[in-house]
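The chain below stands alone, shown as structure tokens; this is the form predicted on its own.
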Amino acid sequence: MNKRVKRLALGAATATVMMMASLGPAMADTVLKFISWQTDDAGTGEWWHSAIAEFEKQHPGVKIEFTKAERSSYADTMTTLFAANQPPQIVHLASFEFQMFADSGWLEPLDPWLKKDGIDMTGWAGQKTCEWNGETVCIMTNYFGFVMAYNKKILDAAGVAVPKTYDEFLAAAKATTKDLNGDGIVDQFGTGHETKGGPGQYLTEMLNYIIDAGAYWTDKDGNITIDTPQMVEGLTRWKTVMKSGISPVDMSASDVRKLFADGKMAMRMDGPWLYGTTEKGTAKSDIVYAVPPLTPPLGGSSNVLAMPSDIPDDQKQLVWDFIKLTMTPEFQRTYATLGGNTPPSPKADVSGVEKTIPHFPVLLQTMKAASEKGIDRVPIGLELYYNEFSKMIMEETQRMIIQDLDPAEVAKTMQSKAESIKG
């Protein structure tokens, strides 16, 4: 285990291990533990539950215990469980965090399993990301492109056109941020970003502005590229958005999405999973999906499925059966129809999906645009250190906002610290 992983394992809450280990029905059934942050996500959560139900139907006497862990502490929670030799049998990780688990030897190589069942992964979106040291260690569950959803009623009331650039977006957000009842408190926001969750999500929110400014954390060779004029511009944009009051603060992603879905926010840039929430919101009929004004759109790999390398062989077979089930044409289609997501399988039948999800062509368009530009949330060269790197970026960015620091100086600090993290 590398030193950084050890520090994470020791630093995470041991109580989490005890809590996770104690969960489970007092039955003689074989129980597979499956920990996720998506258990109650609208659309995607329902898709997971449907896959679990079908798996249990196909495997009498086997139960999947589907437990939620908060996204803000997810990597630390999973690291602690693995370090204590108590990992869940079904491993669900963000695509920017599985690398340290693979590097520690905790994930089962999947190439023999794929070969045994004759599964061809050619064309599976984002699957290349799941290769580590020449081996396939996970299956890409979601590869996406961001979209912008907007409340047409709010924009029309403010006399604002749908924005096509960052400047237009900022102006529209300011024009639609209002105190509607005159009590001195903003109750309608122009846009919204998560600032309460974990560092991985925080950086995802920031990247919308950073990529549009022509910046990124590293280049194609893994060199740190933070101290650049483009990055300074991107940081300046994020600081402007956060300090201008157009976005609520100290809210989780699910809270922000619900605020938008209920008509209390004009615009929200997000992934395909937003649809499940807006469909259940009170402003459902006013919401329209479009290509985001920031280009190229943020996108890339999202989350993966894997299995621990040290569980018994009979459990590995069951886990593989579950993973295979999610990869079937049937469940790849329902990943779109039920989850509102773009399925990674090239064989997925998405014909007619636009009849129930009218904006599905937009999802495909932005996924393709992000893919063609090589956009991903995982910086090349920092895969093993992403958890530490993202925490550092979030802390320095928050310091920039709170202390009103010069983005140019902050970029220099980030560059130096990122180089030290990489070593």
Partner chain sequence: MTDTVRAGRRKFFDLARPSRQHLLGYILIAPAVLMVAAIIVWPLILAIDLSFQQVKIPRLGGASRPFSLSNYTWLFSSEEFWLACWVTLKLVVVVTAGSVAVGLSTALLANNRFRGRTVARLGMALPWAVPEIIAVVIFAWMFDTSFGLFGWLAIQLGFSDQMIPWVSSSTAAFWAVAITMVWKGFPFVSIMCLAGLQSIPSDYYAAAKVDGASVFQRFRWITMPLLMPVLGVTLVLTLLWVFRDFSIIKVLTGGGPLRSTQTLSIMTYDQAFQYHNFGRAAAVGVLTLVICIIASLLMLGRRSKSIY
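Residue numbers count along the first chain shown, from 1. The structure displayed is predicted, hence computed values, not measured ones. Just so we're on the same page, rigid core means the largest C-alpha set that superposes within 1.5 Å between forms.
From this point on, the text means the form predicted together with its partner chain, which you will not see here.
_Complete contact of Trp106, Lys196 and Gln398 with its partner chain in the predicted bound form (any heavy atom, 4.5 Å)_ = Answer is yes for this spot.
*asked:* Residue-level question: is Ala84 within 4.5 Å of its partner chain in the predicted bound form, judged on heavy atoms?
replied: Flag for Ala84 set to yes.
*Residue contact check: Thr80 to its partner chain in the predicted bound form, 4.5 Å heavy atom*: Within the cut-off, so yes.
*Applying a 4.5 Å heavy atom distance criterion, does Glu388 contact its partner chain in the predicted bound form?*
Judged by the heavy-atom cut-off of 4.5 Å, Glu388 is in contact with its partner chain in the predicted bound form.
*Would Ala161 count as a contact of its partner chain in the predicted bound form, using a 4.5 angstroms cut-off between non-hydrogen atoms?*
No, no contact at 4.5 Å.
*Identify which of Ala213, Met206, Val350, Met251 has a heavy atom within 4.5 Å of its partner chain in the predicted bound form; exactly one of them does.*
Here the answer is residue option Met251.
*Which residue among Trp217, Phe189, Tyr335, Tyr275 has a heavy atom within 4.5 angstroms of its partner chain in the predicted bound form?*
It is Phe189.
*Look at the stretches 178 to 186, 290 to 298, 219 to 227, 118 to 126 and give the one with heavy atoms within 4.5 Å of its partner chain in the predicted bound form.*
Selected range: 178 to 186.
*asked:* For a quick check, can you give me the residues of 251 to 268 that have a heavy atom within 4.5 Å of its partner chain in the predicted bound form?
replied: Result: Met251, Asp255, Leu259.
*Indicate whether Asn85 shows a C-alpha shift of 2 Å or more between this form and the one not shown, with the rigid core used for the fit.*
Moves: yes, 2 Å or greater.
*After the core is overlaid between this form and the one not shown, has the C-alpha of Met307 moved by 2 angstroms or more?*
Comparing forms between this form and the one not shown, the Met307 CA shifts at least 2 Å.
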